[in-house]
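Quick heads-up: it's one chain on its own, the form predicted on its own, in C-alpha cells.
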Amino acid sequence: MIKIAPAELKIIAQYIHAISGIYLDQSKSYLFETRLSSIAEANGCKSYQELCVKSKRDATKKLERQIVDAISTNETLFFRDKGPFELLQHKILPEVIDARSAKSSLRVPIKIWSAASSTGQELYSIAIVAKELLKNASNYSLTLLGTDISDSAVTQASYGKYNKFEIERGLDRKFLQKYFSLVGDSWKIKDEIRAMVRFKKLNLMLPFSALGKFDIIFCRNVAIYFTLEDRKKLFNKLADSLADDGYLVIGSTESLTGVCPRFVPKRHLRSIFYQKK
C-alpha cells in the first residue's frame, strides 16, 4: 500500500472535493490509502500527488471516475431506518395523491427523486411502497428517479441484482418473494418494479434544475460529507426543485437548522420531514 505523505493530504483532499463535493479532512489519511492505493498502483503512480496530476490530465475522465467510485460511500440497505418509508406510505404519498388528484382529471402525476440513490436500494424501496399503495397503477403517472455520483453504483442500481448479504439487510421476506427472482446465488428485482424506476449519474454540486420539479425528494445521508457552505448550496437548489407543497426527507441524524431557512421541519409520529415555508 502506498503511504500518503503529510504534504499530499491537502492536495488530494482538495482534488476530491473539487470533483465530487465530498469533504474529507486531513485526519482521513487511512481512508485515502485504503481506497486509492490500488488505483494509484494500477496506474503506475508512486504517490497520491502523481495520481491527482494524472487524473487531471486524463481527457477521458476514466481515472477521475475510478477515484470518485472508490471514495464515495455506498453504504445503503433496503428500507433503511424504516421510519421514512412508513412516513412515505402513511403520510406523504396519500397527501400528494389527494393534492394532485384535485388538480388532475386524468392520470395523477407523481414525481419522486432519490438524490443519492447509491446502488438502488432506497429507490427500489420507494417503488415497492408505491406499488403496494397504488393498487390501480393506470390511474397514476409515476416518475421515480435515482441519481448518484458513482458510475459503478448507478450501474448496479440499474441492473437491480443483489447478493444474499445485501438482500438480507432490511428487506422483508414477503417483499423478497413478491418482487425478486433468484438468479444463481443472487436476487434480481422483477421487471414490474424495475420498469417503474430510472437511474442516472449526477453530481449534486452541479446544476440540476433541468430535472424539473418533484413532489417528494429523498436526500439522506449524503450532505453529511459536504462542507457547511456546500450543504447550504445543495439544499437551496433542492428547494428550487421541490414543488411548493412538496416533501423533503433527509437522514435521521441530519438537520437543516442553520443550513436552509427556506424549509420548516414537521413531525409525523417518529419521523421528521421538511416542507417549504
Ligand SMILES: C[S@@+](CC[C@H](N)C(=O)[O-])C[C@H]1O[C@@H](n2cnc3c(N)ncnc32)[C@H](O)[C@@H]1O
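Each residue number is its position in the shown sequence, starting from 1. Keep in mind the model is a prediction, meaning the values are calculated, not measured.
Not pictured, yet referred to below: the form predicted in complex with the named molecule.
Just one listed stretch, out of 89-97, 148-156, 168-176, 188-196, contacts the named molecule in the model of the complex at the 4.5 Å heavy atom level, and that stretch is 148-156. Within this chain, Leu134 is remote from the site of the named molecule in the model of the complex, having no heavy atom within 4.5 Å. Using a 4.5 Å cutoff between non-hydrogen atoms, Ser125 does not count as a contact of the named molecule in the model of the complex.
Using a 4.5 Å cutoff between non-hydrogen atoms, Lys111 does not count as a contact of the named molecule in the model of the complex. Among residues of the shown chain, Val222 is one whose heavy atoms approach the named molecule to within 4.5 Å in the model of the complex. Residues from 172-210 that approach the named molecule in the model of the complex with a non-hydrogen atom closer than or equal to 4.5 Å are Leu202, Asn203, Leu204, Met205, in the order they occur in the chain.
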